[in-house]
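Just the one chain here, the form predicted on its own, laid out as structure tokens.
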Amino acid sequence: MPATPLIMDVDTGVDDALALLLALSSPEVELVGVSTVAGNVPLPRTTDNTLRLLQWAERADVPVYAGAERPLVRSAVAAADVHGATGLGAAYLPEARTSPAGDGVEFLLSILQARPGEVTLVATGPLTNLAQAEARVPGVLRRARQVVIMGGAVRVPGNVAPTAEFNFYADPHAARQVLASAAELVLVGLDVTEQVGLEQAALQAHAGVRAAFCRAACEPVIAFKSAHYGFAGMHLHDPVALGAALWPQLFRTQRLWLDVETAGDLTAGQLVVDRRALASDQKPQGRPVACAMAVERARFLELFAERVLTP
């Protein structure tokens, strides 16, 4: 079976880096390019981290495009307290010898228009680049074969606010615009990603250069999780989202009517699910989106370890 053409839109912190390594290690994937966005750390860091990682993984041939440096409306937020000052935890990668190949939004527009129905887009950061692309060329996201989004929380609490997941909180207006698009969306939120925890002991059980990088990168995330949640490990948010694109058979999805709250001191970025039993002449709020609700955790962790952690 031919490899799936794939674009990754990332805010490269620790779990984005792990997702990129998973993509590079998966024969099912033809990684066409990577666009970056401000999120876990500012845009210069997310872009530099991506360039360094691809070079270190001996895939500097994959082009990187720098996208949006700030959210559509709100002030920028970051997560350096979780991902470390550089975004890659305690890991160090050599300085990149390559530079960004161009603008991230223009890259998305170019590829999606040139290859309609072919390319899967996996977004693991705030959705600013996707929203800007859709605003410039309405309907362009519909040209993707599928858009898989790491974001939101359906039935579980948020991880940065009481009801909001980080990516949607960082740019709620972009999240709302992308969810309202006509694209074929799959939402992979905290309901599923927090089912897949990589324990510190499992990381320490692997030898080799990649495992050593992963241990160093995950160090501040594990410290944060241990201090605040009592879990000595990290949840594989972004690799799980990529997994939904690569191995949909491991996931159970449910179609739900969704919208995103863009305002409110406590609720900005909240994924709103309309569960009302409305009369037939009424429409629920938002639009119906396939939401991942369960995953075969053990099998996913096995695949992740085989491809990312094993020498």
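On a predicted model such as this, the values are computed, not experimentally measured, just so you know. So that there is no doubt, residue numbering starts at 1 and follows the sequence shown.
Beyond the structure shown, there is the form predicted in complex with alpha-D-ribofuranose, which is absent from this document and is the topic of what follows.
Using a 4.5 angstroms limit between non-hydrogen atoms, Thr124 touches alpha-D-ribofuranose in the predicted complex.
Contact annotation for Thr128: none of its heavy atoms lies within 4.5 Å of alpha-D-ribofuranose in the predicted complex.
Taking the partner from the other structure, alpha-D-ribofuranose in the predicted complex has no heavy atom within 4.5 Å of any heavy atom of Ser181. At the 4.5 Å threshold, heavy atoms of Leu190 reach alpha-D-ribofuranose in the predicted complex.
From the list 129-137, 233-241, 94-102, 215-223, the contact stretch for alpha-D-ribofuranose in the predicted complex under a 4.5 Å heavy atom rule is 233-241. Using a 4.5 Å heavy atom cutoff, none of Ser25, Val34 and Arg52 lies near alpha-D-ribofuranose in the predicted complex. Of the listed positions (Ala174, Leu88, Met150, Leu108), a single one reaches within 4.5 angstroms of alpha-D-ribofuranose by any non-hydrogen atom in the predicted complex, namely Met150. For the partner-free chain shown, Asp11, Asp15, Asp16, Asn40 of 10-44 come within 4.5 angstroms of alpha-D-ribofuranose in the predicted complex, judged by any non-hydrogen atom.
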